[in-house]
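Just the one chain here, laid out as structure tokens, in the form predicted alone.
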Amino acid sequence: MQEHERYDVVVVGAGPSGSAVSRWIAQEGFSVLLVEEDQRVGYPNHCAGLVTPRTLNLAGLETDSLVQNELRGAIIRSPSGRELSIGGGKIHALAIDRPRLDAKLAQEAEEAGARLLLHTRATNFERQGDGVRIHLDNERRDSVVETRLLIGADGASSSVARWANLPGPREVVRALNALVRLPNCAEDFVEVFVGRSLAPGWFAWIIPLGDGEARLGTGTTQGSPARCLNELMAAFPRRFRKIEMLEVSGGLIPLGTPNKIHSDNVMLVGDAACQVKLTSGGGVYTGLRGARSCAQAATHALRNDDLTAESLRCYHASWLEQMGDEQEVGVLVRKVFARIRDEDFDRGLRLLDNKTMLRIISEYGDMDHPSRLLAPLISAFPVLSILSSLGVRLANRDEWVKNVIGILRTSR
């Protein structure tokens, strides 16, 4: 019988989550193979690259070579042209060089002892004894490896998840991301465009990078993001009058936490596990949090030589303990977002255009943990008590959504 290379762990996908989990497991002395289908880690770039400072701290990376711009707020625009500026005080987010982040994390994994295979696809999986046999398709040769633990970090359309019969996302946003030259961008403010007529089911964005460059993107749960982008530029002709497209790429944003992200000898992480913020679609921070939990559970299971689903269940529990409340808030926000009309966005911007409310949002707003905004808002505006975490947990979701929309539509 032919002998195959054997690893403790094979990770499919060298995005931030895959590289981070490879690094953290390899640091514990286990043999790790990291498989990436593209020729170069980080390319093509499918991500808007907007993260919080804590994200880079979690990644354990120096920021100097990664940060392209510091963002202090956002300008939100509705289809009617109404706009509202929020933030403006502290640094709320960083625009980063996402390909460089991916490359740096993959390099860290290699330095920790993981082996990286580029331009290699995992084409088939088979259960074999106490592990998994994986067929690899490389431009030079096909090969087979065996592993005790298979980790799928292969994105929203995860082949590992499909093979392991693990549930996929409940909802998928199709997104388009472009690097552009665009004059008159606010130096440190993101621009956000909302409304069903502009980006059904999602929103559009401009992230300034400095020197006249920006990332322009749009997402939708209905139809083509390219069509949405064209309609956005047609709706705001003066804003996009002198735009120059430099690069364009597309991607998928998986939404909705599955009820299971592991099985015997298999774990999912990052986008493959739908570890994505439902409010913004950002997945770097949540994916790194997932990778940390995944690595801890995997290390414990490998040391005990028990890779059963029962042994790995602590992974999902750890992820929910860290991010479960935020995901619950995200589910409710998505339900409201799906039901409101374009005119409701105008009402919402009017409701937010209050000095006290804007001050609270600027002080407590957090892209990674939006639920932290609720308590100070409710304290200042008792009419919003329905937003309390207790109310969220106890109320029927549909009734809660109806009440929130009612507050919006009766606001002056």
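Start at 1 and count along the sequence shown; that's the residue number. Note that the structure is a prediction, hence the values are computed from the model and not measured.
The same protein also has a form predicted in complex with a small molecule, omitted here; what follows describes it.
Asker: Looking at 370-378, 32-40, 60-68, 345-353, which stretch has residues with any non-hydrogen atom within 4.5 Å of the small molecule in the predicted bound form?
Answerer: Answer to the contact question: 32-40.
Asker: Is there a non-hydrogen atom of Leu252 within 4.5 angstroms of a non-hydrogen atom of the small molecule in the predicted bound form?
Answerer: Result yes; Leu252 sits at the interface with the small molecule in the predicted bound form.
Asker: Heavy atoms within 4.5 Å of the small molecule in the predicted bound form: does Leu56 have any?
Answerer: So Leu56 does not count as contacting the small molecule.
Asker: Any of the heavy atoms of Arg82 lying within 4.5 Å of the small molecule in the predicted bound form?
Answerer: Contact check for Arg82: no, nothing within 4.5 Å of the small molecule in the predicted bound form.
Asker: Considering only heavy atoms, tell me if Gly270 and the small molecule come within 4.5 Å of each other in the predicted bound form.
Answerer: Answer yes; at least one heavy atom of Gly270 falls within 4.5 Å of the small molecule in the predicted bound form.
Asker: Heavy atom within 4.5 Å of the small molecule in the predicted bound form: which of Arg239, Arg133, Arg115, Arg121?
Answerer: Comparing distances to the small molecule in the predicted bound form, the residue within 4.5 Å is Arg121.
Asker: Select from the listed residues Gly73, Pro169, Gly283, Gly330 the one whose heavy atoms reach within 4.5 Å of the small molecule in the predicted bound form.
Answerer: Selected option: Gly283.
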